[in-house]
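Encoded as structure tokens, the following chain is the form predicted alone, with no partner shown.
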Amino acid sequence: MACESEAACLVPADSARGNLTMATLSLSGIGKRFGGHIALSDVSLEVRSGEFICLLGASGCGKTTLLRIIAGLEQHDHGEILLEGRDLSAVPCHQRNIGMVFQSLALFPHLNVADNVAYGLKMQGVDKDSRQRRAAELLALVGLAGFDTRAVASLSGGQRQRVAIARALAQEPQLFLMDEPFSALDAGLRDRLQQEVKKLQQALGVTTVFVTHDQREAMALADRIVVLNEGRIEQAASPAEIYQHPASRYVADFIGDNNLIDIQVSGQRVQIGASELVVNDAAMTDRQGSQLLSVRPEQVNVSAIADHHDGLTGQLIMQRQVGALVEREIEVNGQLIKQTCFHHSAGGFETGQPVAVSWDWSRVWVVPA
């Protein structure tokens, strides 16, 4: 049963209230259509108790739809949602014991800060002293002690975000949902709030699902990242695993900067364009034939050709310094290979000169078909 409005999520039923305890979320075979458009197709996911999950993907991939289905703001067509073993499929959103921070924040402009935080408690009939005490505790927790009587309109963007977070935690939810809450903030403030939210989540231990289209944000926050593409999960893994071992071409291309290189593998020989290399890494050569190689720019080494022994050479066609880093593009057998390195280790190469290109084969990755 889907709720008709986001505001309904802010008014939990008395029976749903409890302590802020960790809970396991289980999604099995979730599907959703909007007319002829398939928004989600057979999505299954286990979110462990106390885990911080980021749903990551481009616009239209289904991440916000999935979050709204978990919250009860949309009704899925088929599949099962369990929160700590309780089937939520027919449970309205205000009875799910879920706290949610919306992209729009949905703060009430006619209420002061404390009354916004305590809104759900008031609707439950909690007495005034208790809800004011709870609001003060939560405002102190999010760094807004003393802001109780401030008008919402007088707050900065970051302060409003904190109020929305405090309000979502007021009912001591089993599950905490956040829908791109920092997308409208400038980069510096966004970074600070990311750090604060992560520390808060770790301190409280609340199971959290966070939606973002910003891969850097997902890498900074998540215990696991769930990469969605056209309504399906492409990969669900730790940030390090997704970055170092992408499970598909989409993930390899979407997460971070990457060199995706077509290769031909025959025994221990790897053909890259007109160049043939001998590779002694068994993990690299266990797949034969046409393959796609994922090489992160920081794994690429550039050296003088005289010092090079494996035969891969190219022409340095662009380089620039960005802060402490040097970024380069080298044309190798008709395709561009990007390199990133620290300025102090960049070497003295001139744009236009021939260079040797190499990498540690044990640290690169053949993308699964």
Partner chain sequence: MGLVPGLGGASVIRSDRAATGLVSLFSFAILAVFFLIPLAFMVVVSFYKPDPMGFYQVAFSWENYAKYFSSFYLNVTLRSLWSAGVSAVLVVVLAFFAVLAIVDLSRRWQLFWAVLLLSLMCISEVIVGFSWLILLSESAGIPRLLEVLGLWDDPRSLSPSFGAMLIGLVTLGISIVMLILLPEAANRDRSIEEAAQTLGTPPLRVVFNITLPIFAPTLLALTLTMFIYLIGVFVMPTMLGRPSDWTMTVMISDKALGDANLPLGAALAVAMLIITVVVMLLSTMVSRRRLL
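Quick caveat, the model's predicted, so the values are computed rather than measured. Residue numbers count along the first chain shown, from 1.
One more form of this protein, predicted together with its partner chain, exists but is not displayed; see below.
- Among residues of the shown chain, G120 is one whose heavy atoms approach its partner chain to within 4.5 Å in the predicted bound form.
- At a distance threshold of 4.5 angstroms between non-hydrogen atoms, F102 is in contact with its partner chain in the predicted bound form.
- Though the partner is left out of this view, G188 does not reach within 4.5 Å of its partner chain in the predicted bound form, counting heavy atoms only.
- Using a 4.5 angstroms limit between non-hydrogen atoms, Q161 is distant from its partner chain in the predicted bound form.
- Taken together, the three residues A114, R133 and R192 lack any non-hydrogen atom within 4.5 angstroms of its partner chain in the predicted bound form.
- A single residue from the set V226, V295, L221, C93 has any heavy atom within 4.5 angstroms of its partner chain in the predicted bound form; that residue is C93.
- Out of the listed residues V206, L73, V251, V270, L73 is the one that sits within 4.5 Å of its partner chain in the predicted bound form by at least one heavy atom.
- Shown alone, this chain has one stretch from 139-147, 104-112, 80-88, 231-239 that lies within 4.5 Å of its partner chain in the predicted bound form by heavy atoms: 104-112.
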